[in-house]
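Only one chain is included here, represented as C-alpha cells and corresponding to the form predicted alone.
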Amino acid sequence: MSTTTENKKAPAGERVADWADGRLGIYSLAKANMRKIFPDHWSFMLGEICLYSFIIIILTGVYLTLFFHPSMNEVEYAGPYVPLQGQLMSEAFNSTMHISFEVRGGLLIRQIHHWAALIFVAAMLVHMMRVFFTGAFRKPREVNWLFGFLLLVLGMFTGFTGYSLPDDLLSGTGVRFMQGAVLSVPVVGTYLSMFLFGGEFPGGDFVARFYSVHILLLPGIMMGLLVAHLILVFYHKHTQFAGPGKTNKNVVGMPLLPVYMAKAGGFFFLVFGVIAVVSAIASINPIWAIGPYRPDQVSTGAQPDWYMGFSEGLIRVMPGWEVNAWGHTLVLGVFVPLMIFPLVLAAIAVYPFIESWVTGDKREHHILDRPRNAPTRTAFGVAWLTWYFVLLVGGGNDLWATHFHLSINSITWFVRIAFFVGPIIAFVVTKRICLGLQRRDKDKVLHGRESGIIKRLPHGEFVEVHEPLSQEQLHTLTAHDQYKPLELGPEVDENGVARKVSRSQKLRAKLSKGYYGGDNQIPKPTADEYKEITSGHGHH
C-alpha cells in the first residue's frame, strides 16, 4: 500500500508577498520598521492632523480639477443662480459656479478643500510651536525643523494661489494687493509684475499660471518634503517627554503595528469627519454673493485667509513713506514690510542653529523640555506669537473699527505701538511666569504637594500637611538639564599676554548669559536638600 503526499499551494496573498520580497526585500523592511516604537502623548497628534488634512486636500483637489477651467476668457453666465445670469465673467469664475451649483457634491467638496487647507496651516503652526517650546528641534532634528518650516511656508503660498483661482472679487482684491507689493520692489518690480501677469494687471494669464503652481509645482515640492520629514522621524526615532525609564537611548511607547496604526487610522477618519461636518455647516468663500472680479471694484471688508493676515497687517500699519530720487519713487510704506516678512521667516528657520551656537551643546536630544525649564526660549516664542496676533489685528483694522465702533486711526496707532511694545512685555511676563513655575516645582520636590489638610501641632501651631510626590513625579520634575553660561575666561594667558577675544565670542558669551545666567533659571533641588527635608526637619 503506497501513499502520495500532495504539495499544498500557499495562499494567493502569501505568494504575492513572497514574489515582492524576492524583488524588493519587503520582509526585512517590515521586520525592521513595523514594530518600531512610538511614544504616546496628546501633543504628538498635532503632526497627524497636518498629515491627514494634507491627504484630504489632495483627494478633494483631484476631484475639483475635473471640473475647473483655469481660463480668463470672458463668458456670459447662464447657470441656475439667477442674480448673476447674463453677467460677463471669466471661465474660471463660471466653472467655480458650475462646481458649486450643478456638480453633484461639488459645493461640499469645495468647502472641504478650503477648510482642510485652513486647518492644515493652523495645525502646522501649532505643531511647530509644540516642537519649538519643547526643544524638539535640537540635534539631530535641525534638518527636519527646516523641512517642517518649508512645509508651513509653502502651505501658506499654496493656499494663496488656491483661493485666487476662482477669480472672484475678494480673491482678485488679494491678487491686486500682492501685485502692489511686487511693484514696490526697486528697479525690477515692474518687470516682475509684467512677467507674473502676462502684461498689465490683471492680464490674461495669471489664473492659468497660478493653477499650474497650485496643483503641480507647490504640491509636488510639499509631497517630497513630507516624505523626507516622515523618513527622518523614523530614522531619528520620535522624541518623548521625561519619565521613569525614558532616556536619550530608548523610546517607551507602543509598536507601529498593530497599536499605533489602528489608532492612527481611526484618528484619520475622525479628522475627516470633523472637517466634513464643519464644511457642511459653516460656509466659506461664497463667491456667488461676492461676484466676479472687476479691476475697477474692491469688495468691502476684504480679508485674506488668516495665515496671510499678518503680512497684510504689516503693510496696513506702515506709514505711507515714499522717497523720490532720479525720477524714481521708492514706496517704503510697502517695500519695508515686504522685506520684514522674509526676514522674520528666515529667523524662525535658523533658530535651532542659533540656540546650538549659543549653548555650545552638540549632544543628541531625544527627551523633550518642559517649556518652563527653558524660560528664554519660551519667552521668545510667546513674544513672536504676540507680534503675530498684533499684526493680525492690524490686517483687519477696518473690521475691528466697524464691528466695535472704534476709530480706524486709533486702531492703526495702537498696532504701531504694540508692534514694538507688545513682544517686549510678552517676553518679560512669560519669563517671569516660567521662573515662578520652576520655583513651584522645586517647592513640590522638597516639601511635597499641598493636601489641603490642616494639622495642629502639640505646641499649638497650625500647618498644612504635604503629601510626598511619587518617584515618577520626582523624576519628571528633576530630569531636565541645567546649562551654565559660557565664560570668556581670563583676560591674559599664563604668560601674562592679553588674550584675543573675537566679537563673535563676546556676543556668544552675552547671549549665553542671557539664556542661562543666574536670573534666568532656578537651580534644581539637590539630593542633600531633599534628604534634609524628608529626614524630619520640615513639616509634612
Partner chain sequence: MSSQDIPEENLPSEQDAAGHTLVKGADDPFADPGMPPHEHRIQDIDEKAARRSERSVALLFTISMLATIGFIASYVAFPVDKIVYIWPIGHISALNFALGVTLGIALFCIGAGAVHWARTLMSDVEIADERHAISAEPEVKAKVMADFAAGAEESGFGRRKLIRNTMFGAMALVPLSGVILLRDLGPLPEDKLRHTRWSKGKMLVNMNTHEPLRPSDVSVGSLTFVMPEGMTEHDHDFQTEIAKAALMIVRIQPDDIKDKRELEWSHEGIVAYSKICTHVGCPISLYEQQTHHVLCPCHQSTFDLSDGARVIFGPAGHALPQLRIGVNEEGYLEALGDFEEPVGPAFWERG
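Bear in mind that the values here come from a model prediction, so they are computed numbers and not experimental data. Positions refer to the first chain, counted from 1.
One more form of this protein should be noted, the form predicted together with the partner chain, which is absent from this view; the next part is about it.
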property	result
4.5 Å heavy atom contact, residue 55 to the partner chain in the predicted complex	no
Residue 35 within 4.5 Å of the partner chain in the predicted complex, heavy atoms	yes
Touches the partner chain in the predicted complex: residue 222 (any heavy atom, 4.5 Å)	no
Contact test in the predicted complex: residue 307 vs the partner chain, heavy atoms, 4.5 Å	no
Answer option from 114, 238, 466, 130, heavy atom within 4.5 Å of the partner chain in the predicted complex	238
Interface residue in the predicted complex among 461, 364, 450, 443, criterion: non-hydrogen atom within 4.5 angstroms of the partner chain	364
Whether 263, 269 and 272 all lie within 4.5 angstroms of the partner chain in the predicted complex by heavy atom	yes
Options 222-230, 182-190, 452-460, 144-152; stretch whose heavy atom lies within 4.5 Å of the partner chain in the predicted complex	182-190
Within 57-95, the residues that have a heavy atom no more than 4.5 Å from the partner chain in the predicted complex	74, 76, 88
